[in-house]
Each structure stands twice: as C-alpha cells, then as structure tokens.
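Only one chain is shown below, in structure tokens, and it's the form predicted alone.
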C-alpha cells in the first residue's frame, strides 16, 4: 500500500490494532523506498519526511505507529547516496516488522505461564498480544474460559471472539456495560496497549479503565500485554497523551437525536499505574513503576524527546 492509502486505512479503521498499524506504516515506507527510482538524496529525504508526517498524523495516540515509523527511518542522512538511503529504510522496516511479529509470539509464551488451569479471563477490544497469551494457554491444554467485551462503537470484540472460537477457546461475548457484573466471576484480566508512558500509565481502547477499576475493586489481577515499542520515549517528563476523538456518526445516525445533543466519542482512555499488576513484554514482565527505566534502556535516551 502507498503512504496515502495506508494513512487513509488507519484513519477509517480499515487497519486496526496498534501492532498492525505500526507494521503497516513500516511496510508502506518499505514500498516507498523500494519504488523510488530517482537519484536526488534531498528529494528522497523530503518524500520520507512528508511520508513520516502523514503516517504519524493518521493516529496520534498510538505511539507504536510513531516508533514504527521512526525505527524505519533511523540512520537516514542527506550525506548518504540514494541507494544507501533506500537500502537503509527497507532493511529497517523489514527488521521492525519481523521483530514485531516475533514479539507477539514471545509475549504469548511468557504470559501463558501466568494462566492457571481453570482460569476465567476477561479481555477488551482486539489485542494481538493479549490474544497470543490466551491462545498459547489454551494450546498448552489449560482449561480456560474467556469473556470478551463487545467494545463499542466499532465492536472489535466480535473480531476477538471469532479468533478465539477458531482457536477452540471457550469464549463469551458481553456488552461493555456488563463488565462489573461479570468481573465477579473472573480470575485474571489481559488487555493490550496503544501507549505506555514513563509514569506507567496505560492508554488503550476506551473502556479499558473500566475493566481496571472493576478488577481492582474485586482484587482481580490486571495484566497489560504489549510489545516494547509501545512505550513512549516522548513521555519522560510528561504523562500527557493526546486522546483521539472520532466522528459522531460512529455513535448515532443523523436524525436519531436532536441537533442540540453533543456527542463525545473518544477512542482511548487512561489507566493509571496503580491499577496495573504487571506489564508483559517480549523482554519479560515489568512493574508499571519501572516503565521509566525500561524506556531509558530500550531507547537509549536520558531525557524527553522533543
């Protein structure tokens, strides 16, 4: 897909999920570099800069997108000739995609160790990392049951239950407002992540914090499953993450409510570190209170990136 096609697909939700979005951006940059047949380094650099800006603007909350783009473009300089630049982008993008896919598999293997035979699990939205844990636990022969939220308004929960059912997992779809009621029967919660800040705050699909609050009240362990590139290197001195607000048409059709009625349709919400038991990454489990140290080590930085 081209840069424009990829950005559009992310905006209109044709491409969903933080990991898939990041890989799609890396793939688009790979194709851009592969297809460029000019010999002007400055022209190519301008194309890459425009592509970077277009992709990052398509989903402002998900830091996975930002990190995927920046990883694909790392080491690029105007002093390089075009062939070197093209090769660098293609190698970076290919490496990011492969590492991202492997990370999900590793998270599944590590997270499955936490799952006990007979566990009742709740999950939210459609997280490849969280589902990797559940599928792996099931594949190991553990007798588990899963409750998956519908996840309005796009109903990503339907994707989740289809994928789990295909894997042979005992899964039940619930409406979002049933979370507190059903949580009384749940042993563990596994969710994904769009962004994790240095303060250990989780930004994820709206409704995630509802699961965390209910789990905390009932002493149900709450686990976040995420690839390391979903930690934000821009958050060392600030916990502020822009939460995307989408079109009202996703909530109500024209004429369903009076024009004076305001519609608020946020895509993500904020779950503080105190509600998170462990963050499961491909590099192991970490405390949310160690997120800052993890980011500094992961990205090799000492201060906020501007």
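All values derive from a computational prediction rather than experimental measurement. Residue numbers count along the first chain shown, from 1.
What comes next is about the form predicted in complex with a small molecule, which does not appear here.
- In the predicted bound form, the small molecule lies farther than 4.5 Å from every heavy atom of residue 196.
- Though the partner is left out of this view, residue 13 does reach within 4.5 Å of the small molecule in the predicted bound form, counting heavy atoms only.
- Among heavy atoms of residue 285, none comes within 4.5 Å of the small molecule in the predicted bound form.
- A residue is said to contact a partner when one of its heavy atoms sits within 4.5 Å of a partner heavy atom; residue 188 fails this definition for the small molecule in the predicted bound form, lying far away.
- The stretch that touches the small molecule in the predicted bound form, counting heavy atoms within 4.5 Å, is 200-208, out of 214-222, 176-184, 140-148, 200-208.
- 125 is the sole member of 93, 125, 121, 103 with a non-hydrogen atom lying within 4.5 angstroms of the small molecule in the predicted bound form.
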